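Shown next are two forms of a single protein chain, provided one at a time as structure tokens under the names structure 1 and structure 2.
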Structure 1
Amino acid sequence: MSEIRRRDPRREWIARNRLHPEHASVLAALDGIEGGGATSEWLGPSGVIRKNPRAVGFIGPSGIKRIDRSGLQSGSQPTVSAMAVSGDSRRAVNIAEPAFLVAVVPDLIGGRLSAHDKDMLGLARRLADVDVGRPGAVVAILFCEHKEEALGEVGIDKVLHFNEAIYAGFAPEVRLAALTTVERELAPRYWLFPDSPLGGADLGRRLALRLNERPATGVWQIEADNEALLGWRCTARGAAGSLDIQRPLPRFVLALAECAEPVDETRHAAERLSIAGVTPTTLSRIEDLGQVAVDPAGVALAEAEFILSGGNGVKNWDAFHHAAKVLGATEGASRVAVDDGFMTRDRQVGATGTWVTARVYLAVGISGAIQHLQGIQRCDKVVAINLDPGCDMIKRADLAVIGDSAEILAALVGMVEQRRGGQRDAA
């Protein structure tokens, strides 16, 4: 039989055409995988090896391309007691007898998991699922009330919830005592804290010092250590963020945002867990006087949690300012609105203005220039109000409202004022 390699131009054309109905099956055949897969390279018509850049990463259940930062280029999770969930593409995973525990203490600001918290849980899943035969479990330690209804969908196997009012507010010593008890009773293999100024950085360092451990701070990546069986190495930012430092991964990790991909392929049990021996006590030398009321107009854009931003589509700026006051939002603006003199330069959002990290960013009449989208890329939730359903801001938004911005803002303000009025009457 001739050893000359024969080309099939039609198959090569289908392999390059993602929209062709036979694209997936042809890629699978080229890669020698039955029933699916994606080849990373093939021989082109000129004899040159062609590479498929779309083969890097994987497609999640929602159809969004995901990149595996571990370098494994696999979207699968260990199938431990896994079964398909009816009506949901996620796999249900229940780890009944974990080989070890990975403890995560999220910031949980406002009772909800932030994007940073979800990245931490994704990092915890990588550490817990390193050995398919002997998987670990992710334990989330939550203080006070939370508003999350689907903790299992972010990769949590067990939930340890301290719900006493004594843990609310600024209570580092009381929380430290509870975490010390968790260390004594559960002995987690790893402790993960978000390296953020919202509480995780301080609490993680306090606990590491109490237990005489040397933590790794500013961690933004972990990778398998080839010299140690099932071991890890971490890469952390050092020297004021000017260089990377590599070291073996310690037990205590304070990680930065985007340290890992959040979990979106599996649904875990999120079983309630309780431990004995936790006796919270107050400390007389520390008294939390509660949060101080701050005028949203005086908050810097880079520190604001709720931003109402206006663009060229805003025609009634008096109504816009009134809406920001009623909603309790910090005002922002696009470059066009600033150039036209409707807002001051310090309120400009975007790559040429201020990069913002708000939990909620409400964009009113902003089409979404690339510089503006760069400036809001770290916002948790983006809500867009616009007349153009095809603009880039609508495509970026988590929630889009198509309509006249003045009418929608007026209706929103009316609903808020009516709700507040009803609460005052009830009181």
Structure 2
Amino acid sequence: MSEIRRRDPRREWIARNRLHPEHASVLAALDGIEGGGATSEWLGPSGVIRKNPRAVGFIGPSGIKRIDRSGLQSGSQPTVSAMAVSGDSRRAVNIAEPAFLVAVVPDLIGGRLSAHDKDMLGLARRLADVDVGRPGAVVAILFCEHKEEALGEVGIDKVLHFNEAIYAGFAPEVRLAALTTVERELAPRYWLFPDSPLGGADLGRRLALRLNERPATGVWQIEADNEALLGWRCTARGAAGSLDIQRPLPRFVLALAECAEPVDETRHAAERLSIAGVTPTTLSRIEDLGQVAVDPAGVALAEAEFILSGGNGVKNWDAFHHAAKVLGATEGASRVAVDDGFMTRDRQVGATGTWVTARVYLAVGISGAIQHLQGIQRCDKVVAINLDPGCDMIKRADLAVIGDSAEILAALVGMVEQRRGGQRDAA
């Protein structure tokens, strides 16, 4: 390009004159010359940068124009796309030739990676990425069906999926057989399990002892240590949580929740892997007869998986109790319902009641006072039925239905009964 800037004073003048009939078209033309987003800034006649404040900014929530000077937003570009870009900023990582493998066996409770599983995968990444030049690969070994789609986003490079029916339920012996084959075929440098009862805590100990190694249990921290054999030192809880044991990190690690930060900056390949030589044996001395129906009313509120909770908006309590029975839910209540004598004190959810951990919390006619919301902080999915679309419970809920609680509950009970009836006929 030539060094001489050719200026058109007339056009510049029009560009500065907001009231000129050709203002818009000239601005657009200038934009074309100077490149994208330049209408808000151009070189003035005396070589000074001129800015057009009317071309930048966006209309804020209260209808007032706001200008964001953080540099995120330039020109008249809408904020939405800037947000979308920043939300999708994970760096893609593909480890073609891993130096070693780190095997992780997540619990996959209900087919989903739990927070504990994600922390484990974060720990696995720390172990795999010590040497930036020669990174290791994280192999996740999954049993049974799962509902996770973005396996790469939690830091998994390779996925080994055992999907046969024999691995379902409580099948430690067949799972152990599969894992010993993995050890033989892939020989990972580390094995990581979540130290959670009935999940990794059980399987991890079985595998470690089958392979005649002493695992570290209850690990909550690892640090680099050059004197240790594998280059790491770990701190583990011992003696019912009253001791901290520092030791070199062994090959088998059973770690507690929050042992590391979950992966959130990279996206890994999560490519499928299959190994030969897994012969599923059906010979097992433990037979799983399936889950037993337990009375949901007998389950402690703090442990219950599915809670139907009623508040001041429930008028027909007999129908509420019936609904809880049909849905198979444990009953909970807000303080008002308890104070009014409709529910017992041990059913109160909230700051002065029980802090619940349900996977699904169905709140019927509860306004969502802060004392109540505190008690349901750790619930996964909250469903609200309420007449008032502006109440705080609706803001917290993943699904909210605006309407009369009695009618909606009755319809829900009808559908569930119908579904159960249909199943019984088919069976």
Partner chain sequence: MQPEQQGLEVAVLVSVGRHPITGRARRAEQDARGVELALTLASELPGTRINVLHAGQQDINSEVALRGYLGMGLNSLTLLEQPEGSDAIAALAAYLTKALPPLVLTGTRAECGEGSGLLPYALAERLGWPLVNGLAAVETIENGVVTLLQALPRGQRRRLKVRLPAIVSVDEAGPVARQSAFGPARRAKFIVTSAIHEPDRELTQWHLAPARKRPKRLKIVKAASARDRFKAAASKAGGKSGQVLSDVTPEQGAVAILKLLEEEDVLR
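Predicted, not measured: the structure shown is a model, and the values here were computed from it. Note that the rigid core is defined as the largest set of C-alphas that superpose within 1.5 Å between two forms. Numbering runs along the sequence of structure 1, starting at 1.
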Quiz item: Any idea which of the pair is the form predicted on its own?
Solution: 1
Quiz item: By the 2 angstroms cut-off, has the C-alpha of residue 353 moved between structures 1 and 2 once the rigid core is superposed?
Solution: yes
Quiz item: On a core-based superposition, does residue 208 travel 2 Å or more at its Cα between structures 1 and 2?
Solution: no
Quiz item: Taking the rigid core as the frame, does residue 330 move its C-alpha by 2 Å or more between structures 1 and 2?
Solution: yes
Self-check item: between structures 1 and 2, how far the Cα of residue 294 shifts once the core is aligned, in Å
Solution: 2.7
Practice problem: Give the C-alpha shift of residue 314 between structures 1 and 2, in Å, after superposing the two forms on their rigid core. | Solution: 8.3
